[in-house]
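In structure tokens, one chain follows: the form predicted alone.
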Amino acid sequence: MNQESSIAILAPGLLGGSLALAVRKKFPLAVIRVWARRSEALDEVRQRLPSAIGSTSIAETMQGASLAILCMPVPHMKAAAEQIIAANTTPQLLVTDVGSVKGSVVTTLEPVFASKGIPFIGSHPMAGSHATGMAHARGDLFQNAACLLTPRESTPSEALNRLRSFWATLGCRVLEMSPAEHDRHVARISHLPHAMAVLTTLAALKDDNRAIPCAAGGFRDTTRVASGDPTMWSGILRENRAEVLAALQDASGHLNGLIELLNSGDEAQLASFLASAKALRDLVPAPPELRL
């Protein structure tokens, strides 16, 4: 079993806070170090996890860490990386992140860490919520979630094995792919759904919100993620712009096809259109705990 001796978590929001709680349960012998920009955020961490060592100094947080996980928004990761390589780090240090985009993250951060001989491997646990902050953190957030790793040909095998073991110990199903493949897949199954939830919400309510009292499960389920942090999602969509645009172009084509079917009144073709979507959706497995 992977037993990292000291794990540094940088930025204790929903993912970082949930990581801290999960690590305490799954790695009971590990020292947990948490960095936050604000001391108030560290107070929240101490309330949920009294044993954690908190600091507003990245250099202090990195002391003795064998694994560091960047959990801040993607645009802030490079500045954090530069502070990490300037700190007094251990020879065993391995760095990863939990960002929703990997092409720009790996391209930017890998050379920064390589300059000090520190391996960096991108990670993306497919877990989260539209809610944000340590207050919503859950120790079981990663149980049965897919975690996408994006190693490169130059990635040391020992570092990759350690990271695989870390996420597997937290309960994740570990998948590996290139950064480009990651961004293409995630644009389709994460970024596009968010964009479509936003569009559905605007189309349904922007010009006339009097239908809100009528909303039921279908509308809530379809639009839930539109309640996500707009600043965070703006950054995600910008960082993965090319793949998101391609996905939106495909969605636009299907939307136009549906409009044409409704205009034509062709009942058989409309049923076939809906059936093709149902057949694809039925291929998506339910979360393990919901399987009958």
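Quick caveat, the model's predicted, so the values are computed rather than measured. The numbering used is simple: start at 1 and walk along the sequence shown.
Just so you know, the form predicted in complex with another copy of the chain exists too; it's not on screen, but the next bit is about it.
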query: Residue stretch of 63-71, 50-58, 244-252, 32-40 approaching another copy of the chain in the predicted bound form, non-hydrogen atom distance within 4.5 Å; finding: 244-252
query: Contact residue in the predicted bound form, from 152, 188, 116, 164 (heavy atom within 4.5 Å of another copy of the chain); finding: 188
query: Sole residue of 91, 156, 217, 111 within 4.5 Å of another copy of the chain in the predicted bound form, by heavy atom; finding: 217
query: Non-hydrogen atom within 4.5 Å of another copy of the chain in the predicted bound form for each of 79, 86 and 171; finding: no
query: Close approach of residue 278 to another copy of the chain in the predicted bound form, 4.5 Å, heavy atom; finding: yes
query: Another copy of the chain contact at residue 135 in the predicted bound form, heavy atom, 4.5 Å; finding: no
query: Any non-hydrogen atom of residue 107 within 4.5 angstroms of another copy of the chain in the predicted bound form; finding: no
query: Another copy of the chain contact in the predicted bound form: residue 230, any heavy atom under 4.5 Å; finding: yes
query: Residues within stretch 141-167 having a non-hydrogen atom within 4.5 Å of another copy of the chain in the predicted bound form; finding: 146, 148
